[in-house]
Structure formats: C-alpha cells, structure tokens
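Shown next as structure tokens: one chain only, the form predicted on its own.
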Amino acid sequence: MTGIRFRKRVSAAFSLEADFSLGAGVTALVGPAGAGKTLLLELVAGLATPDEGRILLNDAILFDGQARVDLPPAERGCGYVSQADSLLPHRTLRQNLEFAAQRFARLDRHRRVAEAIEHFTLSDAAGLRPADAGASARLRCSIARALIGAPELLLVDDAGLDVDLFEAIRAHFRGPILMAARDLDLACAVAAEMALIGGGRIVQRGAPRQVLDQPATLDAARLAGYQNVWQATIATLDRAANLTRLEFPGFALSVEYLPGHLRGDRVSVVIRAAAVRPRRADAPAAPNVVPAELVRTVERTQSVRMEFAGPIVAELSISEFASLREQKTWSLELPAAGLRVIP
C-alpha cells in the first residue's frame, strides 16, 4: 500500500492536509499557485517534515509522526523532478547522471547512464554543462536523473512536461507517479486519477473525466475550470417532463429533473465558458437562450474570450469569433448539457 495522510501547518493563515492513497498509475494534483502542491511533494520526498501523520510507500513507513519515524530523502525510494533546475551546475549532463547512479557497480552504472542518454535523447547534450544545454535537454536530464536510481515512486512538480515526454517516462518507468500540475489538459491526458487541491485541501478526487464533468462543490468547479458560477432558485419541478426550471436574476433556464429538491430551493449552477454559445439576437428561438450585452472581448493565442453583463463569459475559437464579430446585438445559448447544478 502507498498512502499519504498528514498535516503541515505553514502559518496562521495556511496549513496543508492530505489523506489519500496512490495507485500504480499517474495521480495529478491540480490547483493554482499557492494551493500546496509543491509542499505536498516535498513532504512525501522528505524535503519537509509534516507536523503529524503517516506516509507509506509499498507498505514501508517513510514517515510516522507518532512513532517518530522520518526517513531522509536518500532512503525513501522517491525520484523527484522539481520546478527549478536542480542539476549540478559544475558537472556535465552525463556526469549528473553518473552521480545519481553512483550506488550501482561500475558496469551497471555505465549501462544505466548509456540507456538513459539514449532513451531521453541526450546524446548531443550529454557533454555539456547545464548552463550550456537547452531548457528541453535540462528537463530531460532531470527526469533521467530522477529515474536512474530505480525509484519506487516518481514525484514531478509542474516542470513543463508535455504528453510526449510523459509517454517517454512511462516507457521507462511503470511505477506510480505523483505530479503537480496547473494544466488541466495535461492532467486529463496522462493521469489515471485527478485530485483538485486548493487552499491546502484536496476538495475532490477521482477519474479525471468524472472530476471535470461532475464537480461536487463550488470550490471543485472553480478548480476544474468552470468560469461561470451563478446562484439560482428552483421555480418548477416536473418529473413527468423530466424538467426543472431555474430562475436567475434577469433570466431563467431549464435543466433535467433534479431529484431530492423542492420548489424554492437555492442551488448553484456552473457552466464552462467554452460551452456558452453566443448568437445573433434575432437568431431563431431555441431552449435556454437569453439576451446579453457584450461588455468586452479579450483575444488570446487560440481563442477569444467574450465577457457579457451578468456576468457571463464565453470562449470561441478565432474563426468562430470572426464570423460573429460584426454583430451589434447578442443572445446567449446556455445548453442544458453543459450546465452543472451543485446543491
């Protein structure tokens, strides 16, 4: 069993609490800067010490506050890839790998270094010092160095990895990976489990698709990327028609029937900006269409963010926005399939 349960008080205003187990795949900790992701990894790696709790790796105790067990980082069996470049600056990339593999016999060490250089395509940069190697080579060397000692757990701290590099890692290392990420797309692509973390607490965890599509709380919805968050009152409940009518200040929407609720109940409703569909104000009638006043647009690299009074935020591709940009009056379609109701 690999389990993490601890508490770490950092200041009067912030403490980190965690209680979860790790499977054999990739677990992604997703949250904003300052949520506690890096600290959690450091506590598992032994670079910081919890105030209380227990950390197990394959049933071996790494930390136990009550029993006063606290193994040093070198004895924990964890490989760690940090945000910052932690390679030894006075050694070449090859020498960094050799240093990490020094506990192995000479022939085994040379074999491991050679395999790591080939697997992570470091041949051209192996003789360079970190300052002279590119950022991509330094990152690949950091990963190779973390893996060359055959760790039982790999810790990755938001280090700029992409899907291709993760595939290279998984081809070389089949053990559990605990990663910190701010990129929801990367976490969804590579992780078997996602844990949303905010303010030092894990607010929801599960399969990535489940967490992203079924946020359990408002905090989870915000961390999962839902930009539109509103309060509503249940106006009608029609079981026969499988319909619930929700009233908001200035407009109303329909969603599927909500069991376990009563007329007059207050609920929260969220929808992603990408699910909101701007339309011409004179477009044909459709369900869940409301009039809207465009406040401003913000152009991004691959999309355009449209901010409407309400507030309501929509996000279109550049080509979609180009086909609508001459519009003077607007309405918004808020599809029932994209709306999530949180009690």
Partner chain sequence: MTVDWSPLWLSLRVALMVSLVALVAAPWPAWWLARRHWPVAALLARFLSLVPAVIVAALAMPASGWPVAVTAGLLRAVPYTLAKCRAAFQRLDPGLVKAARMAGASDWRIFRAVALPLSGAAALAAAADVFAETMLEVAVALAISGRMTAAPGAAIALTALAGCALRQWLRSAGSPFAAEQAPR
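Numbering follows the first chain given and starts at 1. None of the values given here were measured: they were computed from a predicted structure.
What follows is about the form predicted together with its partner chain, which we do not show.
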Checklist outcome for this item: Here the chain appears without its partner; judged in the predicted complex, the stretch of 200-208, 102-110, 233-241, 255-263 with heavy atoms within 4.5 Å of its partner chain is 102-110
Next on the checklist: Checking a candidate spot here: are Ala12, Asp64 and Arg68 all in contact with its partner chain in the predicted complex (at least one heavy atom each within 4.5 Å)?
Outcome noted: no
Item to check | its partner chain contact at Gly160 in the predicted complex, heavy atom, 4.5 Å | outcome: no
Next on the checklist: When the contact criterion is heavy atoms within 4.5 Å, does Ala168 count as touching its partner chain in the predicted complex?
Outcome noted: no
Checklist entry - Would His90 count as touching its partner chain in the predicted complex under a 4.5 Å heavy atom rule? => result yes
Checklist entry - With the cut-off set at 4.5 Å between non-hydrogen atoms, does Gly31 touch its partner chain in the predicted complex? => result no
Item to check | in the predicted complex, the residue from Arg129, Arg222, Arg245, His119 that sits within 4.5 Å of its partner chain by heavy atoms | outcome: Arg129
Checklist outcome for this item: Residues in 32-46 that come within 4.5 Å of its partner chain in the predicted complex by at least one heavy atom, in order, are Glu42, Ala45, Gly46
